[in-house]
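First comes one chain, alone, set out as structure tokens in the form predicted alone.
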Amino acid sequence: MEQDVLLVTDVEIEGSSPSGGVVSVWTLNRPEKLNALNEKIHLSIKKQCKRVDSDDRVRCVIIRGAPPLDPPEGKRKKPNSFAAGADISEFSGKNSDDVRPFFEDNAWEAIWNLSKPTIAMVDGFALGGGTELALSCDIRISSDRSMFGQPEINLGLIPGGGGTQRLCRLVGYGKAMEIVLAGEMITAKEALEIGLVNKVVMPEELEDATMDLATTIAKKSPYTTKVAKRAIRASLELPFSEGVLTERSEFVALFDTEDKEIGVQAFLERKDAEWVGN
């Protein structure tokens, strides 16, 4: 039987409103290849992006890598990996016409364009396309044994999944230049210091820390969460003054929603809000 390269589990969140809200957990499932991103994984991710964007039950998405398999006797266990880059075997012998269609319609952009919040749960190597996958998410939580990097320069290439753009906006021009041009790995500690990741925890704490945050997000108004994400994203695309106008417009429009009135009354009455999602 052919292996599923992307395992999907929808975890129902108790106390979400409207009821039935789930966190969708996607596991990159090529542990024998350190979860390297091949064409099949891209197709599976794009399919799931279409599903969750149209599924009102899904409030948040977590992306993670499958843990290493138990090795055969006498063999060393492979290291943990979120995604150790693209599957380089698919690059061999290809020219620009061969790869352009794939890179013009890829999983990185599909994740980036999701209206739902996304969290990368990184344990181990996140290199090349793997770092770009994490960068495509809204939030990154990492174990302290993780390593990040954009080593494409060592192959005579540059990042092609949005890495040069998202990295620069996240960590700044100089640091992005260093990471891309040197092509070397950085530790989770340094990734936290430069703002590449939001939080670093021990490996055994990673799943709980990620799910706790996803659950907190999942219990907010799903409509307001989408609006908040849209407004924050505007800061990356618009000049400051236009961004402020966009925020103001989004804020004012929320006064016509049911969830605004529900939230305000719940606050005044000191009780939990029961959102309706509009």
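From a predicted model like this one, the values you see are computed outputs, not experimental measurements. The first residue of the shown sequence is 1; numbering continues from there.
Heads up, the form predicted together with a small molecule isn't pictured, but that's what we're talking about next.
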Notebook entry, point to check: Picking from 109-117, 147-155, 163-171, 198-206, which part of the chain touches the small molecule in the predicted bound form when contact means heavy atoms within 4.5 Å?
Noted result: 147-155
Notebook entry, point to check: For this chain shown on its own, do Ile45, Arg51 and Pro101 all sit within 4.5 Å of the small molecule in the predicted bound form, going by heavy atoms?
Noted result: no
Check: Is Ile186 one of the residues lying within 4.5 Å of the small molecule in the predicted bound form, judged by heavy atom distances?
Finding: no
Next item on the list: Report yes if any heavy atom of Lys33 sits within 4.5 Å of a heavy atom of the small molecule in the predicted bound form; otherwise report no.
Entry: yes
Checklist line | Ile88 within 4.5 Å of the small molecule in the predicted bound form, heavy atoms | finding: yes
Check: If you check in the predicted bound form, is Ala84 within 4.5 Å of the small molecule, heavy atoms only?
Finding: yes
